[in-house]
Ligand SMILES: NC(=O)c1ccc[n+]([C@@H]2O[C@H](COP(=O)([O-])OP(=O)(O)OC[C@H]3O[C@@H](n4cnc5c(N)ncnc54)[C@H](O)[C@@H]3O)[C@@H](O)[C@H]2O)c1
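There is one chain below, alone, in structure tokens, taken in the form predicted alone.
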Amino acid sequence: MSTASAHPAGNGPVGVGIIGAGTISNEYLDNLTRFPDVTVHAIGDIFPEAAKAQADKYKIDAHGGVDAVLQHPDVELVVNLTIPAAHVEVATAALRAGKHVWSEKPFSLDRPSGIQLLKEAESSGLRLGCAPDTFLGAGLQTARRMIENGDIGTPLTALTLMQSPGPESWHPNPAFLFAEGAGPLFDIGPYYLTTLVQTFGPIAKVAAMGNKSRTQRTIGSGPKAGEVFDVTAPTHVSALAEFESGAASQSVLSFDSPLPRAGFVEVTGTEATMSFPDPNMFTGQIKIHRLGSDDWVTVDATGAESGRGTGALEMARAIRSGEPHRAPGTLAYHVLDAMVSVNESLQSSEFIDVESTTEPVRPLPETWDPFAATV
């Protein structure tokens, strides 16, 4: 969809409403309530008492059910923090209420609903944005600028690893992370695949293998500790991707490993190999191992530190300026299409073509500061 012309009118901070008062809302609210270019006016949840608790904690004026956000006259941008199965329904309702939408990942759980959501936004002249926004953080932005400056030559291949025992040991309500639309592929995969797409361009085809080690897991912390829940999503996925550019990658995404190993992204070019910061984080160090060298060279990230909510802020600023935002729905849909294709390959044991594509996203200026007042 074209985003440059969608509702640029208005001045001053962009009015924001949050739908979904679960665990992830804390980090979003920590940041969105401090960014001067947005104002959080309302928070809603299917459990209004959860919305009230967050409203009290963050001094938000309006709270209640979903309609407390959708009907609020000062809310221009809805931040959709619901569970994955509700993402499309809530985003569609927000668009029909005349609001722009920033959604947590994944964009949707299947291609038809994702395409319909893009069409809904297009016909409404409204914007869609979607997590992850970690690629807008100083760490990955520094890595990208270095690659574009030729620091590793032409990027050719990548290896990514995310292995853990699974989030049930620390998450107080983890069952949805093991259901359809989640598992390590849909829950963690967007961070790694978005980073790869930002590095190599759109994905052309994928192949994958995977499995599920257990049919049930036990909650390890919080008020539900000891409760057993069913596992329906694959909990280990090994995927190959070929990009339109001809580059290739190998990725492991697992909730079955006793050895935690997160944030491993190595991109190899014609002149050097670069180790990226954790794509689930907003900053970190970059390391380069050059051809003919025995040592890694460490480079600190440059740019302002930020956190979850950065993408919604960047989108809000773009609404005011009338320029395209950097985490659009088309990018999120392409990543979703790739993940669905990986899932199909798990079942068919065949290469699957990824039919969608996405336009390159321009890097953030090194001076971009989320805590500056710009609108």
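No experiment lies behind these values; they were computed from the predicted model shown. Numbering starts at 1 and follows the sequence shown.
From this point on, the text means the form predicted together with the named molecule, which you will not see here.
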### Task
Kindly indicate whether 203, 240 and 245 are, all three, within 4.5 angstroms of the named molecule in the model of the complex, using heavy atoms.
no
### Summary
TL;DR on 158 to 166, 98 to 106, 232 to 240, 115 to 123: the one with heavy atoms within 4.5 Å of the named molecule in the model of the complex is 98 to 106
### Heavy atom within 4.5 Å of the named molecule in the model of the complex - residue from 326, 63, 334, 308
308
### Task
With the named molecule left out of view, choose which of 151, 227, 256, 89 has a non-hydrogen atom within 4.5 angstroms of it in the model of the complex.
89
### Task
Evaluate residue 82 for contact with the named molecule in the model of the complex, applying a 4.5 angstroms cut-off between non-hydrogen atoms, and reply yes or no.
yes
### Query
Going by a heavy atom distance of 4.5 Å, is residue 135 a contact of the named molecule in the model of the complex?
no
#### Entry: Contact label in the model of the complex: residue 176 to the named molecule, heavy atom within 4.5 Å
yes
### Query
Can you check whether residue 364 is within 4.5 Å of the named molecule in the model of the complex, heavy atom basis?
no
### Within 4.5 Å of the named molecule in the model of the complex: residues from 163 to 189 (heavy atom criterion)
170, 171, 173, 176, 187
